[in-house]
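We begin with a single chain expressed as structure tokens, specifically the form predicted on its own.
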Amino acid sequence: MASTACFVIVGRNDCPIYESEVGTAPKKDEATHLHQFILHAALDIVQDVVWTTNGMFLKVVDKYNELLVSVYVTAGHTRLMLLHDSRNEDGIRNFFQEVHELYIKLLLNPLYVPGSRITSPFFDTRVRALARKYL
């Protein structure tokens, strides 16, 4: 069964610093724009939910038709957002935790400027491998 998943890392100033279509469904250009729009619209909800919980994993914060938006917020207010159509909460939590560890390793790189776009092919390959493993 093909699954739809779009993963985005959004920086403190609401600018996307990493985007990836990680689902197994065939990719369409108009679907990509719709996924970006849904995730961007969910940022306001995330801003409200962040202050009502102590956890980093906010679970499902928004939904559009059968697509769900799950969010993980780091201590530095970087949001890891996943648009998906499955209800695999434990897999999504594990995916977010491992991507967070990968993001921390990237932040420790002295050549990376925090908040800038992530263009590393290694980072992209690892995120896609984690998506295949957990989603």
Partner chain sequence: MEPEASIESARMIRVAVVAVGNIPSAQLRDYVALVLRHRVVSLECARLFYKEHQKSPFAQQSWDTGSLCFKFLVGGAPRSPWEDFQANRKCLGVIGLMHCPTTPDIGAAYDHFMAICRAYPSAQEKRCFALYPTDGQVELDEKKRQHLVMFPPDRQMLEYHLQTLMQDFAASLLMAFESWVLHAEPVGAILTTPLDSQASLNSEEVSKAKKRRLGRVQKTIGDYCLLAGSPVDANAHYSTAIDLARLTGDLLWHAGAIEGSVSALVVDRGGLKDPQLEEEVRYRYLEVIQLYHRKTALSFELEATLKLARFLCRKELAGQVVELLMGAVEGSKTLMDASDRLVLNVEVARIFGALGYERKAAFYARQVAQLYQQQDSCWAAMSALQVLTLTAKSYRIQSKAAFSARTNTLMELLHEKDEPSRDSRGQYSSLEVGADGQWSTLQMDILGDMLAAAVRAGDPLSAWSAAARLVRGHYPLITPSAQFGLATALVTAAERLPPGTRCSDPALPFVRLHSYPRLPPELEVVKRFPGKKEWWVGASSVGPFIYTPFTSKGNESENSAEVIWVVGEPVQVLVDLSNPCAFEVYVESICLSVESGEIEAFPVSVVLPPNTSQVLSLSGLPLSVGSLVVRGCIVQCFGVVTEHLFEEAGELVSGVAISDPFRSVGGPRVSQSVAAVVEVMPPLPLLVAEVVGGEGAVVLYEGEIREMHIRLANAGVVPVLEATMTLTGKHKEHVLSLGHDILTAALPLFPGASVVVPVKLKAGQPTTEVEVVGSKGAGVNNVKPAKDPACPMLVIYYAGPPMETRDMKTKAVISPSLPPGRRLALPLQLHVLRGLYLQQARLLSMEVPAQISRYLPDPGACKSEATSPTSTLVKIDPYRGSWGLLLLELELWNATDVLFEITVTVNKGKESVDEELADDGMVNDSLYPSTRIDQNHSARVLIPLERFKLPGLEKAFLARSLAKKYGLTKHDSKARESSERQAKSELNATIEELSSRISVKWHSGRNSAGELPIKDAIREALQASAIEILLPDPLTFGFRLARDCRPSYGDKVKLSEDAVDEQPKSEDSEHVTVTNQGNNDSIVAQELTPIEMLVRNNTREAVTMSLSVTCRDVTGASCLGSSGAKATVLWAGALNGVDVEVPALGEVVHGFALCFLVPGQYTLLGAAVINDPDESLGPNSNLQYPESEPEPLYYSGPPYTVNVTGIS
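What you are looking at is a predicted structure, and each value in this text was computed from that prediction instead of being measured. Residue numbers count along the first chain shown, from 1.
Another form exists, predicted in complex with its partner chain; not displayed. Remarks below refer to it.
Look at 89-97, 102-110, 52-60, 38-46: in the predicted bound form, residues with non-hydrogen atoms within 4.5 angstroms of its partner chain sit in 38-46. Among residues of the shown chain, V8 is one whose heavy atoms approach its partner chain to within 4.5 Å in the predicted bound form. Among residues of the shown chain, T125 is not one whose heavy atoms approach its partner chain to within 4.5 Å in the predicted bound form. At the 4.5 Å threshold, heavy atoms of E21 stay clear of its partner chain in the predicted bound form, well away from it. Contact annotation for 54-76: residues with any non-hydrogen atom within 4.5 angstroms of its partner chain in the predicted bound form are D62, K63, Y64, N65, E66, listed in sequence order.
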